[in-house]
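Consider the single chain below, provided in structure tokens and representing the form predicted alone.
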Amino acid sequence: MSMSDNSLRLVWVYPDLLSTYGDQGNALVVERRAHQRGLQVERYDVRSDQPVPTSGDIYLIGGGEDRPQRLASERLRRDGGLQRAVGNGAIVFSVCAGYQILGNEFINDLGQREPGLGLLDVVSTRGEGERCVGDVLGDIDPQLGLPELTGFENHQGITHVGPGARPFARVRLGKGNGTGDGTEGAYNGTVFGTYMHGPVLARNPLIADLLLKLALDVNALPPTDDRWYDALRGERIAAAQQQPA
């Protein structure tokens, strides 16, 4: 896709299974940021009983409870559309349960190892201690050229990043991937995963802009009025900084 095409195909994957923590807000933010640049957006909300289209530009996947996560993983593996879309160069941004599904495997609600889609070189297990819950602050991988990360985590999972992916961020507050090494999320090329809710793109609109730039294959986007986003970011970062590390 390019700016001259003037139309962005945005796919929200399985909102009936994976939209537990307000992550649909991520789709709203991508739509808004695209509209601010004069782009038309064709948004497809694809339920779990529908085939995943392979011609999308950006695919968003949210969080969910354990059983819906297993069902979503099973159906996405059978469908194959998301994997084909990535093979076509599509951008994928996933959150929490969606992040685990994109990996090589995770522990499902039955306590069994469940195969993921293998789109990210990560493996997720279930932590034995307290849930990772609360605000997170961190530094996004410098290669991505983004400001500090702010978000909210609520997960029991522990995710190990393999050599085929890079950590999305390093946390200064919060647990992130839960491995104790300070990593948060993972990415490889056009596929991204994070534990951050918030919704994370409302708190970090420049991540949404990164997805747009990748989809458009451009290095920069026209500037926008970010006063609302900056106020939200400042408020949440200040509140998180008041909490004990």
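Bear in mind that the values here come from a model prediction, so they are computed numbers and not experimental data. A residue's number is simply how far along the shown sequence it sits, counting from 1.
Keep in mind the form predicted together with a small molecule is missing from the figure; the text below concerns it.
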Please tell me whether the candidate spot formed by Gly63, Gln69 and Arg131 is one where all three residues come within 4.5 Å of the small molecule in the model of the complex (heavy atoms).
yes
Location of the small molecule contact in the model of the complex, chosen stretch of 165-173, 74-82, 149-157, 110-118 [non-hydrogen atom, 4.5 Å]:
149-157
Residue-level question: is Gln100 within 4.5 Å of the small molecule in the model of the complex, judged on heavy atoms?
yes
Would Cys96 sit within 4.5 Å of the small molecule in the model of the complex, counting heavy atoms only?
yes
Report yes if any heavy atom of Tyr229 sits within 4.5 Å of a heavy atom of the small molecule in the model of the complex; otherwise report no.
no
